[in-house]
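Next up: the same protein chain in two forms, each one alone, written as C-alpha cells (structure 1, then structure 2).
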Structure 1
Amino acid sequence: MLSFSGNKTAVGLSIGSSSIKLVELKKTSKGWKLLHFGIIQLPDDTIVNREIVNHLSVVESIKTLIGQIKLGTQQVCTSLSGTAVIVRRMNLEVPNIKDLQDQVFWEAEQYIPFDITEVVMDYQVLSKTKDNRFDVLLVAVKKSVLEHFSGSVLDAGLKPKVIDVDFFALQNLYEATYPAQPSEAVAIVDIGASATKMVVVHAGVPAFTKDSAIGGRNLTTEIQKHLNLSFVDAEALKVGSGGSDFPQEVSDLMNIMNDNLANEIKRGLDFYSAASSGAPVSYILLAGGSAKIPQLSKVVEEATGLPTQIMNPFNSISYDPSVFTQEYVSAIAPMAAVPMGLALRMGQP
C-alpha cells in the first residue's frame, strides 16, 4: 500500500478502451483542488476487450498527455477493469487466522476462470465474527494484463505506485464527495465506450459489482453509419444537449440505446437484491462519458423506479474558475469520475 509521504499532489491515470484520462489534484488546507485534467483519444483497436494490443500507442498517448501537463509528481494511481479482473466477496470459516490467506486463495480457485498460475491475487478482510467467520473481498487479475498496463505507464515515464480497480475508484469518489448514510446503499454506474460497470456501495463496502460489455461506442457507430458522419462528429452529436433537433432516426437510435442501458442496470440491481442481504439501493449515480446521452437518466429512473442523476465529482473538489470554466467542468464531470477516484486513492495516507 502507498504511503502518501508528504506529496502535495495526487495523480489518477485512467486507461480506457477509447481514451486516456489524467487528473492531478492538489492538497490544500480546505481539501482537494483540481490542478489538471487531460484527455486524449486512442487510435482504433489500441485496446481490444480492455486489453492493450498496441503498446506503443498507449505509451505515446500518455507521453503526449504529460507533455501538455506539468505534473507535480511522477507517481500515479491507475486501474484495471474487464473480464481479466475478478472481484469476489466471500464468507469463510477459518479457525486459525494464520491459515486465512491459504484458505482465501484455495477458495478463489473455483471462481477464477484462468489457470491459477496466471493470476495475481490480493484480498481484504471486511469483517470478522466471534465464531471465526471472515467476510473477505478478493481481487484477482491476469498477470499478463497487469504487466501490460503497468509496463505502458512505466515506459511513458511515470511510476504506477498503486494499481486499483475501476469499481473501487468509483467508490473512492462517491465516499469523498457525497454525504453517505450508513444504512443507505447507492448504485454507481460508469458507462464507458465499450463497457458498463456497476458497483453498489453499502456501509463503506462494495457490496456488489457487475461489468457488462455494453457501452456508448455502439451508439456512436450507429449514428455514424446512418448519417454518414465521422466518428468524432457522431460522438459529439451523441452527447449533445437536448434531443429536439436530432433527426428522427438518431432519436430512435438513442431511445434504443437508453432502453438497453436501463434494462442492463435494472438486471444488475435485481441480481443485487436477490443475492444480497444488504440494504436496498436508494438512488443511482451515472458516470462515464456516455452518461450524458440525452434522456438517459430519465429512462433509467423510469425503468428502475429509483432517483437517478449524473455523478458530480466536484461536489467537494474545488477548482480555480479562472482556469476551469463552469461550462468546462460540467462537460468533463462524468468522464472524470474514474481518474478522480484514482487520484483520491493516491492521496490516501
Structure 2
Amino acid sequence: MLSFSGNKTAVGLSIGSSSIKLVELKKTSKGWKLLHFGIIQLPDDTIVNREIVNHLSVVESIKTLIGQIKLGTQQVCTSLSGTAVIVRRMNLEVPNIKDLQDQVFWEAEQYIPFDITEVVMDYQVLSKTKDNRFDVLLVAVKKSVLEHFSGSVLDAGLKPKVIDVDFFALQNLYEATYPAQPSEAVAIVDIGASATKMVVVHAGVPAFTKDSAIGGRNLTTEIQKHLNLSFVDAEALKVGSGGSDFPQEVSDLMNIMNDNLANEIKRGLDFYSAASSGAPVSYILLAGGSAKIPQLSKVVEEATGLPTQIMNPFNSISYDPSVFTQEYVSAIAPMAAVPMGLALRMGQP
C-alpha cells in the first residue's frame, strides 16, 4: 500500500495522445493546494492508436516538463486508457472466498480479447450477498502497454508509484471534489484528442464505462480537409479564436462534431440504463480539452435531456492568485481533470 506523508506533495501525470499534463498538489490544513500545473504538446505520431510508438519523445517531453517545475517528490501517479485497458463488472457465485481470485481470473478470459498471458489483471470486490454472490470490478491491461507507459515515466527520472486508469481518475476527482449524493448517478465524460471516455459513477462505484475512438483530432482533421490547411494551422484555428468569430465552415464542422459527441454520450447513457438496475443519471460533467468546443454542453444537454456542465477540477482546491490567474485556471480546467484525479489519488492514505 501507498503511504503518503504529510510534507510530501502529490503528483499526477497524464500521458494523453496529444499532450502530457502534470499536476502537483500540496496538502495544507485547509485542504489541497495547487502548486504546479504543466502541459506540453507531444509531437505528432508519438502516440498512435493510444499506444506509445515514440518512447524517446515521451521521455523527453516529461523531462522538459519537470525541468520547468521543481517537484517536491519523484513519485507520481499516472494512468492508462484505450483498447489495451479492459474494465468489466462481473457477478459471480463463489461458495468459498478463497477461490474468488481463481474464479475471477478464469471467467475474465472470455472478456479479454488478448492472450491471457499478455495481460496483467486486478480486481476489486464491490459487494457481496449472503448467498455468496460477488459483484466484482475487473481491470485487465495489456502488459506491453503498461510497460511502455511505466518505462517512459521511469526513464524520465520519475517513479510511477501508482498506475491507474483514466476512468478511475475521473471518478476519483468527482468523489474528492464534488458533493456526491448517494442516491444519484453522475456521468463524467472526458473528451480528449483521440478518445471519449465515459464513466457513470453511482454510490462510489464505476457502474458503467465506455471508451470511444472519437475526439478533438477528428474535428481538426475535418477543418484541415475542408479549409485546405495543415494540421497545425487547423488546430490553431480551432482552439485559437475561442469566441464566435470562426469562419462559417468551421462553425458548421463544430456543430457536426458536437452532434456526434452528444449522440455518443446518449448511446452510452442508453447502454447504462439498459444494462443496469442502478440509479438514473442525474447530470453530466464534461472534461478533456475538447469539452471546450463552443456550445458542446448545450448540445449534450439537448440530446440527453440532462443538465450538463464543464467539470471544474479546482472546485475545492486552493491556489495562489499571484501564481495562477483565475483566467488561466479556467482555461486549463478541462484538460486538468485526469491529472488532478491522479494527484488526488496519490494523496490518498
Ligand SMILES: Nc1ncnc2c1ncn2[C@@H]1O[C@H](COP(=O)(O)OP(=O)(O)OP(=O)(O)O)[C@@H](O)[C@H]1O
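Every residue number counts along structure 1's sequence, beginning with 1. Between two forms, the rigid core is the largest collection of C-alphas that superpose within 1.5 Å. Computed from a predicted model, the values in this text were never measured in an experiment.
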Original post:
Just one question: which structure is the form predicted on its own?
Top reply: 1
Subject >> CA of Glu107, rigid core aligned, shift of 2 Å or more between structures 1 and 2 >> reply: no
**OP:** Verify the C-alpha shift of Asp233 between structures 1 and 2: is it 2 Å or more after superposing the core?
**Re:** yes
